[in-house]
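Below you'll find only one chain, the form predicted on its own, shown as structure tokens.
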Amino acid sequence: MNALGLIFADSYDGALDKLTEKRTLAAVPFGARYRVVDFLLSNMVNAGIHDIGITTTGKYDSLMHHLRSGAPWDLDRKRSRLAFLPPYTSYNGGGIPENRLEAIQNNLQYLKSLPHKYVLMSGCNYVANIDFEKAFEYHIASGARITALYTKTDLHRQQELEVMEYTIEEDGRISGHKNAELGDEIRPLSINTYIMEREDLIEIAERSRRQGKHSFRHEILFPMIDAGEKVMSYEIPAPVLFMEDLSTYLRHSLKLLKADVRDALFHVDGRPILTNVKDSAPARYGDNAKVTNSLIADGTVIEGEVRNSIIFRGVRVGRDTVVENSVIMTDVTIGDGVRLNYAVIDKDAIIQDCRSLSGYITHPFYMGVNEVI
């Protein structure tokens, strides 16, 4: 594939609130053994993209520790690589970027150093198994200046988040845009993933810097659509699970307990989801353990009962404890006689004996990294 990938690792960091206090959104754990970035990286590599840059602004230690040289994704090659693009990496870069266009402007030197004709750029606010190769074929055949990827779904995320709804003509051209309203109606919503020519993106970034522009969507994409330029749409047929607030994180994590969703993410021929594998002993279940409809990672010890939950590596669930409708991250210790319901427990937390912690799917209970209750 004659294309490079550009990933914006901390798009929508603020929306996930406490989950991104100590890590960037791309590094948020998901699905018992993965990080959110694993899905986007795997999608790009599966499409033959092997030059990938990841822009970051801060809190990227966890992300860099997870990705390292990119070897699990075959990105540690001699002539292509995984590149981290933190602030101040070039002599002519600006300060810490506050949005996508500023991140592009700060990394013009990186974009100019590569020979590829096309660029695929995306935030990390969703997980999906996407056939980017077909998206590129569609973009090239359509002759579009920009192809914007979208999914058809309803909207139940935080109202203050700006989610864009497209108006799409029969030929696939985007003719309008507006802020989507909350509701059950199925409509075409942007996933903020775009395909365009690299030289065009460089020219746009240089011109927009001179003009003092800062927003890719509001000052570049939307004016193109309003002016009638050829901005095409490409629908993602696979499920797209958004990670844009704590409620959707829990809701979409628990969707993995449905076989059809797991199959659409992990069991697609020729499109595996790769991650940095860590060797652990198999999960151990006590004599009175009971597990129902849950994902249990290796290295766990289950002495109590787990229902409809996702348990990461190294978790200990004590005797007479019931965990349900929850996500328990790496190396959490849950004591005896505990009750957890609709909870998101971050890594290395400790819940002492006989505690009862509960939220709801729309307002999950959250416990932070290294916290003790």
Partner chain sequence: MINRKKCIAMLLAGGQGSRLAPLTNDTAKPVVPFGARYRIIDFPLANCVNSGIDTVGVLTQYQPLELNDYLGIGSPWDLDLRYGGLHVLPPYQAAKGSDWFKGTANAIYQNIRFIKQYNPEYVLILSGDHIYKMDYSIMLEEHIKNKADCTLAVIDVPLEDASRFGIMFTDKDGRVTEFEEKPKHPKSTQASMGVYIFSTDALIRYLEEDEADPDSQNDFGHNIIPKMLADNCRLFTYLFTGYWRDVGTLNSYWASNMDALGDMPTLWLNDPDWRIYYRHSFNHPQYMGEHADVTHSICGDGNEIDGKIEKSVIFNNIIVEEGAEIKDSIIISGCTIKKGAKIEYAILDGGVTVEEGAVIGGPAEGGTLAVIGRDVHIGKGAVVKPGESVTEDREGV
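Residue numbers count along the first chain shown, from 1. It should be emphasised that the depicted structure is a prediction, and the values quoted were computed from it without experimental measurement.
The discussion below concerns the form predicted together with its partner chain, not included here.
In the model of the complex, is there a heavy atom of its partner chain that lies within 4.5 Å of any heavy atom of residue 296, even though the partner is absent here? Within the cut-off, so yes.
Contact of residue 145 with its partner chain in the model of the complex (heavy atom, 4.5 Å): The answer is no: residue 145 has no heavy atom within 4.5 Å of its partner chain.
So in the model of the complex, does any heavy atom of residue 29 sit within 4.5 Å of its partner chain? Heavy-atom contact with its partner chain at 4.5 Å: absent for residue 29.
Decide whether residue 183 counts as a contact residue for its partner chain in the model of the complex under a heavy atom distance cut-off of 4.5 Å. Outside the cut-off, so no.
Select, from the options 268-276, 130-138, 225-233, 194-202, the stretch whose residues sit within 4.5 angstroms of its partner chain in the model of the complex by heavy atom distance. Going through the listed ranges, the match is 268-276.
Check each of 165, 303, 219, 244 and return the one that places a heavy atom within 4.5 angstroms of its partner chain in the model of the complex. Here the answer is residue option 303.
Between 291, 108, 155, 264, only one gets a heavy atom within 4.5 angstroms of its partner chain in the model of the complex; which residue is that? The residue in contact is 291.
Heavy atoms within 4.5 Å of its partner chain in the model of the complex is the criterion; list the residues of 220-259 that meet it. Heavy-atom contacts to its partner chain in the model of the complex: only 257.
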